[in-house]
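Heads up, the chain below is alone and in the form predicted alone; it's given as structure tokens.
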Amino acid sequence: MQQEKWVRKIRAGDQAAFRQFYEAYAGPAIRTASAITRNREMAKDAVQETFIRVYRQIGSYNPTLPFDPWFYRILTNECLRLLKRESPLSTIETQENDPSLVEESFDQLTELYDIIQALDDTHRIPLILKYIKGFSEKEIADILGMNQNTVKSRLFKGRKRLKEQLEATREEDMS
């Protein structure tokens, strides 16, 4: 597995391996962070800080466990830290209509993406990790530091709210 080689080499101080790792993970990381934060600049900051933390903390990574959940836990925590830093009273710049935030896979799913982005963080982040990043419920529980049953509950409620919003949007379109 490529991640294992990168981790081993990065631990040994190989900067070329870290560069390769960065090039492989930066794009997906920025898309995930953009989806979580709803803010391209905040996402860039989160990704930058994530790579710094990964470089500094690579020694604490347990190579017997999958790498991606460890990486995305750091990324998600960094996104949540930046979101928390932005107080609810300050204006959060939303860039929902910024085409740079939309992945190719979202080209035909803009409406769905917009509805997902409108969900509250409690339900939106697990949905993004499950259906966009493809993590299992166990991995999401590890990433978010919560019980797997809580993740299942949030996914269930998130899907329910998503369905309700989609139905409401379709009814508006038909009228």
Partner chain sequence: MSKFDDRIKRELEQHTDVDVHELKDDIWNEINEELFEGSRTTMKRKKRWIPAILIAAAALVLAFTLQTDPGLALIKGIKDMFVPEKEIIQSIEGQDEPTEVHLNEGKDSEYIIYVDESRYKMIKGEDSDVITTIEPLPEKYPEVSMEIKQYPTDKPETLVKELEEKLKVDFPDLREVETVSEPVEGFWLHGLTESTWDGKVIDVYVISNGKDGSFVITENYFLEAAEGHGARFYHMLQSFEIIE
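Numbering follows the first chain given and starts at 1. Everything numeric in this text was worked out from a predicted model, so none of it was measured.
Below: the form predicted in complex with the partner chain, not depicted.
*Asks:* Is there a heavy atom of K138 no more than 4.5 Å from a heavy atom of the partner chain in the predicted complex?
*Replies:* No, no contact at 4.5 Å.
*Asks:* Given that the partner is absent here, does N147 sit within 4.5 Å of the partner chain in the predicted complex, heavy atoms only?
*Replies:* The answer is no: N147 has no heavy atom within 4.5 Å of the partner chain.
*Asks:* Is E111 a contact residue for the partner chain in the predicted complex, using a 4.5 Å heavy atom cut-off?
*Replies:* It does: once the partner chain is placed as it appears in the predicted complex, E111 has a heavy atom within 4.5 Å of it.
*Asks:* Report whether the minimum heavy atom distance between A118 and the partner chain in the predicted complex is within 4.5 Å.
*Replies:* Outside the cut-off, so no.
*Asks:* Across 52-66, which residues bring a heavy atom to within 4.5 Å of the partner chain in the predicted complex?
*Replies:* Sequence-ordered list: I52, R53, Y55, R56, Q57, G59, S60, N62, P63, T64, L65.
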